[in-house]
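Encoded as structure tokens, the following chain is the form predicted alone, with no partner shown.
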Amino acid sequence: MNKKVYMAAGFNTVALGTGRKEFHPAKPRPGLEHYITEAAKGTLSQIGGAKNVDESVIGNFMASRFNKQGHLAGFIPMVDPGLAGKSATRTEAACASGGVALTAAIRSVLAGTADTVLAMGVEVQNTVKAIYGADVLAGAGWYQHRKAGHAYFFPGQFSNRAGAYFERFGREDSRKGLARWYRNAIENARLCPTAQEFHNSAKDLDALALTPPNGKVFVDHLNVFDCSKVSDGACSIAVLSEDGLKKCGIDKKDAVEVISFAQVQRDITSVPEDLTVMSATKLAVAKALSQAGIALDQLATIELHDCFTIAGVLMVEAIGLAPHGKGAEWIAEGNSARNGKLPINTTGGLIGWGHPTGATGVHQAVTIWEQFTNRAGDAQISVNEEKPYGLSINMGGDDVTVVAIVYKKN
């Protein structure tokens, strides 16, 4: 990092989908234009308006199929006439599209082409039935694999990972870790008004999470509670230089500093050597932490990409929080709960808050910004001077594109 980079002025729309009281599949719902406008204006209102924005980046995965709409950068000037005539870029990296929007914004600030970048992510997915949506999302995998894959392609991929994990490390104890992950996600989401599971009132979350998988109707090793839901929503945040902070009238205490970031790729055409290891995630986190010069015990919180509960387990191990094969046990012991050793996904993560795919990486950054500036409301955790760092991990596909970012509380 050749200069200081900050993030501030985060904003999340509601993550809309099944579980929200206002969601009804037979009633009209907001579209891309609504979500882009709401999120962007939410950030612009905190930075003095569009006049202070030099560039914009918008992350999105599959609007071309979910909404029959491409060229999303062209929607940025729609938000505010003050954004017309300025650079706008759309990024796509499957479910890591939002994370890549952030790294693009960070690179613009580092390159000196911008002092203030409006970074956004958006996805509107509740436009097709679940089975067709699964086919759309399968575009994050290699076509040759998809042809031979499960009808629910990504649930099938991560079911295979779960099956391999169960076979090697034991099904019963591993399922307890997955169940605790689900319980933590819902309990945290109930504290965040924008979360898709905010209205979830189920009494026995552990029993739901331990529902036996049924391969005849879904996949062999995961149940529906192991999966993130179909979500509509958008998130935005400003990425700024020190001059950008001054121009926008933002005090450093109201921003988080970006200490380091890493973006890595795994060959999409290859099969993982070991289904119980997320190699790209492991590399991205190691790079980001090494560049930041910090240790795991200096982290106050982590936002990680739990598209499935097994992904949460495997990422815990890839980060180095637990040895290989011990991630489920580490979670089952309560270490990742909001009152545990290291709170993870404090507003619910993908399973609890929601997974509007192109917005997820930006949502992670907004959550850490909220926590580090005491804006998280009922979801607020304690962040002290001994542990002033946060980490986000946004993954695209089956551990193919991974963005890891390290943040510091000012």
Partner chain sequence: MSYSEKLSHVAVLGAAGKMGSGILLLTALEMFEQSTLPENQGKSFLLDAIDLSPEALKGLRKYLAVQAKKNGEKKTVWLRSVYANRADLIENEQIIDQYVQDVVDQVSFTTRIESAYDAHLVFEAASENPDLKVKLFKQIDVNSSVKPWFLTNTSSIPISYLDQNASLGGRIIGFHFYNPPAVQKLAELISAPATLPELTEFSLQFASRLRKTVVKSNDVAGFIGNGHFMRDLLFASSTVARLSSEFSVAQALYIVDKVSRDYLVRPMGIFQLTDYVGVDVCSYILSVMDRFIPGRGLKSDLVDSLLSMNIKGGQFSDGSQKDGIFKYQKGAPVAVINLENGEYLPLTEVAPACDSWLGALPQGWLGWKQVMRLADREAHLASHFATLRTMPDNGAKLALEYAQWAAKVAHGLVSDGVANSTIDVNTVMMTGFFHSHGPVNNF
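Values in this document were obtained by computation on a predicted structure and should not be read as measured data. Residue numbers count along the first chain shown, from 1.
The form predicted in complex with the partner chain exists for this protein as well; it is not shown, and the discussion that follows is about that form.
Checking 69 to 77, 180 to 188, 124 to 132, 101 to 109 against the partner chain in the predicted bound form, the stretch whose residues place heavy atoms within 4.5 Å of it is 124 to 132. Contact check for V217: a non-hydrogen atom falls within 4.5 Å of the partner chain in the predicted bound form. At a distance threshold of 4.5 angstroms between non-hydrogen atoms, K247 is out of contact with the partner chain in the predicted bound form.
Residue contact check for A151: one or more of its heavy atoms lie within 4.5 Å of the partner chain in the predicted bound form. Interface residue remark: K253 is not counted as part of the site for the partner chain in the predicted bound form, having no heavy atom within 4.5 Å.
Distance criterion of 4.5 Å from any heavy atom to the partner chain in the predicted bound form singles out R146 from the list R175, R146, K287, K229.
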